[in-house]
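Coming up is one lone chain in structure tokens, specifically the form predicted on its own.
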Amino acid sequence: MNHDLSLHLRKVLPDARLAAVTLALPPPIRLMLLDGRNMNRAYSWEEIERIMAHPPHWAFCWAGGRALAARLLEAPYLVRGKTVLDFGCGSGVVGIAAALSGAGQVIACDRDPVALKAVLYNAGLNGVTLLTRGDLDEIHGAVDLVLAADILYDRDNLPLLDRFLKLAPEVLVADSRVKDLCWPRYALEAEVVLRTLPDLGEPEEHRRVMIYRGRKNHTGRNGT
């Protein structure tokens, strides 16, 4: 599986490599991520076009994902015994943290089939089992909690916040791009500062992560 992931990555960046990274969390989480050495460089137009066409989001542990994973490990009661959906799962760090925190079932959802391969590989590194789905339409049955990190970089994704609350009574969203989310039934819960791994010179402003909680039984703006 690691060989398959490496092949997918090299189709985008021929000189890119994967490396095992251990996140300093209690318990630690191991992920196969882009090896940042020699990647913080100028890219050709051809490389940029390939990255834009096939962004390897799964090869990074984004700041929002790190923040949400840490939150679950610090407060396992949030997921213990629950059916949890990790939407836009990328590397799978959030879903893995949910499983390690005692979630009854974790479903990792991502439209990128390579990301789903990465999730299964990373789950194996951490000794947990995750189900995978390619789209929200494939989610059937009751979901207790939706988790989503780093998906609001595209403002077209904002309506997903309402859809999440149709799937589950509660949602946790972590994002470093939207600092002042003003959306019905969502409220700011926490703010943390973390870096994306590997760190390829990400702007300081994108290291400030906001965690928002959405609740179905709150009907006002900002969760009131």
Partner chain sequence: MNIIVLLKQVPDTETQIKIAPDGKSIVTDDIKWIMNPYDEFGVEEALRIKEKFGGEVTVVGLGPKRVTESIRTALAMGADKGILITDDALEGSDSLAVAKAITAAVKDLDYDLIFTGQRGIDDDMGVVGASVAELLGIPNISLGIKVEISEDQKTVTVNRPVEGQTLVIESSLPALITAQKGLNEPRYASLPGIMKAKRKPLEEKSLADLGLDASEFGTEARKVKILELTPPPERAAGKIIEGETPQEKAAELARLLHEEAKVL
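Since the model is a prediction, treat every value here as computed from it, not as a measurement. Positions refer to the first chain, counted from 1.
Quick note: we don't show the form predicted in complex with the partner chain, though the next part is all about it.
The stretch from 33-41, 181-189, 164-172, 66-74 that comes within 4.5 Å of the partner chain in the predicted bound form, counting heavy atoms only, is 33-41. Although the partner is absent here, L200 sits close enough that one of its heavy atoms falls within 4.5 Å of the partner chain in the predicted bound form. Looking at L158, you'd find every heavy atom of it more than 4.5 angstroms from the partner chain in the predicted bound form. Proximity of V193 to the partner chain in the predicted bound form falls outside the 4.5 Å heavy atom cutoff. In the predicted bound form, the partner chain stays beyond 4.5 Å of every heavy atom belonging to L25. Residues of 38-54 lying near the partner chain in the predicted bound form, listed in sequence order, are M39, N40, R41, A42, Y43, W45, E46, I48, E49, I51, M52, the criterion being any heavy atom within 4.5 Å.
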